[in-house]
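We've got the same protein chain twice here, in two forms, each standing alone as structure tokens: structure 1 and structure 2.
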Structure 1
């Protein structure tokens, strides 16, 4: 499903952000016919050579990236809007203790799917007594429609879910309303634990007129219109939900990272280290939602990244996200292949028309291609055929693999640098790693879960930057779908009853 609207314009080479200086003559396909024939071809591929060079992330370069992220974290903690990273105060000061009891709900809106979950919590001994969830995909028109349509859809699905509840398994105590932890996975200016205004949309959402609006008020209105008497007790980001849900089972969890359609990192910060926190006498800890996707400095951006950004729904925004998260990796590869095709002999004489379709290539496709270990790269051939109606010869397939690997390596390594920045920030105050204390990063998101090469590149970068000794105390723990539990737990922690 296409999440972004991209102008299907052919790539035009302009001077690049980093060192991409190659500007070969462009042979465009004619959009009105199935495919165009190139007037001249070259057998070498300077585009690929330059692309690989521009995407390189040697260790000293990654160190600079990690340091620049750390500087922006500090700037964002000092003053609102101080750096690229929002460093949002989440009002989550108390993480789940394990003692939470009662029936709570989680609503999760943040990607292609919408999830609703009920959780019956049984306290320290019984923990999660019962849980039930339902997942629905969000019709694309709702992602770019009106807030009434989007929240009306959510409220109607929530009403259906509650109507089907089995009273034996789930028990609401008398005199209580059903309380919700609402995971809303977009940048939100949080005004309290149960309210916040949307800063901007990301990940292909662009619902009109919502920026600056209180997202909980939008949900409340829709619930009221559907006759639902429920209350949002916690508004949380998916990174915060992941951290909270994982912490319920493991006290060493200090950060929650999402590497999926979009990306983000949230972590436990000491209140005294947050200059912008109004209450200066604060002690203890709180969770910071970094919104690290907004980082933009010293990134190895090529012309392909620039062009993709320009055609996206949020140009100029979330540039780090556009280099490391699942929504964009395939699109970068497609753009590079298209340009290679237009300027060299990749795929023979004609430019395959389907290669011009924005977002045709997904990160899952890159992963499947990278897993091909046949001598003739036959799976690569089939995938190329299924998507672009071109198989390519062995040389072409090898080049395609090289492009995939270049993009995935850069993405994974940059994500690793981000995680190091978070860990080093935690380390500054806690000295956990230096003292040999196990420190867990709870990780969720399909890109991390389903892409072994990406995972490996990310881990390599982490060890390179932290060193073997400190890295040996870090555990990246895959905590699938735990953010719903985390949101329900935070609703319990912040219950009004």
Structure 2
């Protein structure tokens, strides 16, 4: 694991309300792009100037965003549907202590692949004695088939995985069923630690007859049908798994954040501070799954964000996610570059046809361009040619770099504001930072891991909003791929034995 401690920097917080100017869209026919002739070259680019202005996230504005997220968190804790953030009860009331022993499993289903893991736990002295994992692809036809077909396939692969276990390394106590932590990264209405009904499929899945069904029951039935003596003891998402897996090694972990293709965050909340728990036990703590991607208030949305949202699979939803996660950063840049081509001298006189292709530019392409430190920005030129078949001159490449930096800076700083909202929520109940106690955020996701510029902008925002003193007690831990371990550990802490 890598550990990042925030360095302090000067801080000024003056809450204000900021308004935004949206550039009007320019609609062009796709059929006439290649023959389009643009206006004469100008020394400046009004589209880029306006876009940078509309994307600006000064400290006072970020404070407003953090406060708005905090307000939505409180509203979501008060009543179901109270705000943009769903603030889902996970029923994870016991986190790993390090004393867990025995053989447990994890199954991670969240996309076109699923991963199976076995973990032999040896208590406080030995911790993780042995672990083995396997990643398998889900055939496309099963992603749009029936629930029996999908879970039957998963159960059959689980059975194959268990059959290949090495008896010397993995030992199941006699008389026990195998217990599994099921990471199911689709929207679920969770009703207990080991049950939850599917709200809707996402990520290209559309399995029939599943909405409103208990996903754990579907898996348990499939495992039984395949003669597999195994049961689901914990249903979690990847954020909760990341928090639990990191907490196993570090007791100061209080939040888990995913910043990858998508994004989400969860944190440890005091039960007495959750009004919607009503008559349930109000002592101790539980993990709250914020589903923060759905936040939508006071965001610096430009016309490019609006049009991308309109063309997306879920228009009007997950607006925060569409500004900070890896799936969308490249697409925003592409749309800005296309508009610049249509209204200025970017890339010469004709609009490149491939620049019209949605989702052609990925976040990893932006990262590679921003890492180009050559005098002539040759890497930027190569990437533009490979993707769009354009030969931009040095001025073009610099403009492209400006667009990339503007989008990534906005995304990283908005993500930082979200983390601050969670840290301040934790602080309100615990006073950890004010008392000098270390507070750790477990972080996973390829965007955070592989994009240093994004990471730096996020860290800058955290320090600006928290101030030097409080920020000095915050640590971000990159905890790559611990969600599987976390799911297995939660199966252990919620074991029926």
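Just so you know, these numbers come straight off a predicted model, no measurement behind them. For clarity, a rigid core is taken as the largest C-alpha set superposing within 1.5 Å between two forms. Positions refer to the first chain, counted from 1.
Here the chain taken from the form predicted alone appears as structure 2, while structure 1 comes from elsewhere.
Relative to the superposed core, residue 246 undergoes a Cα shift smaller than 2 Å between structures 1 and 2. When two forms of a protein are overlaid on their rigid core, residues whose CA moves 2 Å or more are considered shifted, and residue 405 is not one of them between structures 1 and 2. The Cα position of residue 148 differs by 2 Å or more between structures 1 and 2 after fitting on the rigid core. Once the core of the two forms is superposed, the Cα of residue 224 has moved 5.0 Å between structures 1 and 2. In the core-superposed comparison between structures 1 and 2, the CA atom of residue 168 travels 2.6 Å.
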